[in-house]
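Starting off, we have a lone chain in the form predicted alone, written out as structure tokens.
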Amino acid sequence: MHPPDGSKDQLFARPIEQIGSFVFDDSVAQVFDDMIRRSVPGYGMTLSLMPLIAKRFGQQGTKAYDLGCSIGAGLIAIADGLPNSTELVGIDNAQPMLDRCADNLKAANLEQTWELSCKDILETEYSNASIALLNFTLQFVPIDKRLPLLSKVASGMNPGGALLLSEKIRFNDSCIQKSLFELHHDYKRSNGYSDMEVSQKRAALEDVLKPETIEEHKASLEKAGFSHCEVWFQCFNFASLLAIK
């Protein structure tokens, strides 16, 4: 199940004279579901498989965190596989996204209790976690603060718990980097985005979204305190890693 569809994403459909940095404001919140499904290859399948992972790693009486929960698709997905005694915790620093998230969680009639907080995930304390999501969130965190965040999450996770880390990734091989970069843009065009929309959104994200390689992510997860880590899903230059405490 996924949240109800919002409006169609047309935020970059008209020429913008001066493109600022991408911000998760009310205009983005209204179209976010359409935006991410048309922009991130494999996103829908990733969500559809999350309940299986949650069922295997979720533990009775624990917490399941979604860091950068946006409008709630990740929380709704994992809830389908978690024990009813799990407490769902969604954290995001954009109130417009949390407002839509709350509406979507209410509409989903989840069995679990849930709580949403508008705060910085870097300043949050984590405890008694068996599941944590970083679903296309870490890429917006300054690179020098990523390891401290992962370490905080790992320290608050119970043995046997799991982190799902989904990210846009880059590649050391310049040929592969160029090819998958262009395939990603082909994917967006195939979903109805114009060349202008693709170009203007890329410009808006350029200074705020900083991808890393899979090797860099694995090294950080190991340093943070996770015992096992591997890619469980990849489509073009987007991947999801499973890290087990």
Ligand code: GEK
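Don't overthink the numbering: it's just position in the shown sequence, from 1. If you're wondering where the values come from, they're calculated on a predicted model, not measured in any experiment.
Not on display, but discussed next: the form predicted in complex with this ligand.
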Quick one: which of 55 to 63, 211 to 219, 178 to 186, 30 to 38 gets within 4.5 Å of this ligand in the predicted bound form, going by heavy atoms? 30 to 38
Between 173, 120, 111, 115, only one gets a heavy atom within 4.5 angstroms of this ligand in the predicted bound form; which residue is that? 120
Is residue 101 close enough to this ligand in the predicted bound form to count, meaning some heavy atom within 4.5 Å? no
Considering only heavy atoms, tell me if residue 43 and this ligand come within 4.5 Å of each other in the predicted bound form. yes
Report yes if any heavy atom of residue 130 sits within 4.5 Å of a heavy atom of this ligand in the predicted bound form; otherwise report no. no
Applying a 4.5 Å heavy atom distance criterion, does residue 155 contact this ligand in the predicted bound form? no
All of 69, 73 and 136 with a heavy atom within 4.5 Å of this ligand in the predicted bound form: yes
Residue by residue through 92 to 120, which ones have a non-hydrogen atom no more than 4.5 angstroms from this ligand in the predicted bound form? 92, 93, 94, 97, 119, 120
